[in-house]
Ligand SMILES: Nc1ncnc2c1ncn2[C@@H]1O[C@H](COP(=O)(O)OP(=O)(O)O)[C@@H](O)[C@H]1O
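Starting off, we have a lone chain in the form predicted on its own, written out as structure tokens.
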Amino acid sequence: MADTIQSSPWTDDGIDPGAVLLNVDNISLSFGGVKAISDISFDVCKGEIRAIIGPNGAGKTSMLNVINGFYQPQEGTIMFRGKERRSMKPHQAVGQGIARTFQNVALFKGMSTLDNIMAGRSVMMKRNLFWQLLWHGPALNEEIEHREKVEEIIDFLEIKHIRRTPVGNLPYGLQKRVELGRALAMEPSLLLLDEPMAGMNLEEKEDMSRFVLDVNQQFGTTIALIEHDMGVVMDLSDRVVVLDYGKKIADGTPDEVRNNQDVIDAYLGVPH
């Protein structure tokens, strides 16, 4: 099924697999007098799964919010696809090929699974409001094409049985899968996942882990994810960056991070 979905148009961006797709350089972010992120640098290479981990309050979600333009850092620079970004807004980040899911599910609860995922295609629709209101000719043809892509994503995520169900009536694990589907509908080159396994039971985590791997391996989508389940992180990730109190304390392969004493201390709650 996954073979029928074309890779993202952003994968043909002249960046070779394994080369740096995103570079975060000396980023600092403050809210009033509180520093959420302090002088953090790391990169994400094309085609990898890059985990961002750390205890609660470490600055992980703030880091994702900087990457997708929701927050503007006071210091540092971000390079994406070889270009420096300045004052990026979330809709501009989407337009450049960055999509994300959220720690707390952010779906249109009264809309169906199909319509929620279709909402992700809106950024790719070219016809203006006039044609969309007519819903005829070019606009109708365009919607049919996008609907076909959405149906492919629904098949890929194995949620055909809930395609017409309002997402507010779905269990939490399936809502998370629908949100992943909406992000995939944008055909991103960089997919940001904020705790995709949160609140799931073991079976749901296994399913989501399989989908994350398939997205990465079959679609060629680069993924940066935040996750608290260390078993999931170690199994899925190519590299891991660890934050604690807004600072980077480790960066490397899962094995390197697992054996890093600073990481062990942070997760065991050793006083700073």
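Owing to the predicted nature of the structure, the values given are computational and were not obtained by experimental measurement. Counting begins at 1, following the sequence as shown.
What comes next is about the form predicted in complex with the ligand, which does not appear here.
**Q** Looking at 49-57, 217-225, 204-212, 232-240, which stretch has residues with any non-hydrogen atom within 4.5 Å of the ligand in the predicted bound form?
**A** Heavy atoms within 4.5 Å of the ligand in the predicted bound form occur in 49-57.
**Q** Heavy atom within 4.5 Å of the ligand in the predicted bound form: which of Q103, Q74, T165, Q92 fits that? Just give me the one.
**A** The residue from Q103, Q74, T165, Q92 that makes the contact is Q103.
**Q** Given that the ligand is not shown alongside this chain, does C45 nevertheless sit within 4.5 Å of it in the predicted bound form, heavy atom to heavy atom?
**A** No - in the predicted bound form, heavy atoms of C45 and the ligand never come within 4.5 Å of each other.
**Q** Taking 4.5 angstroms as the cut-off for heavy atoms, does T61 touch the ligand in the predicted bound form?
**A** Close contact exists here: in the predicted bound form, T61 approaches the ligand to within 4.5 Å, heavy atoms only.
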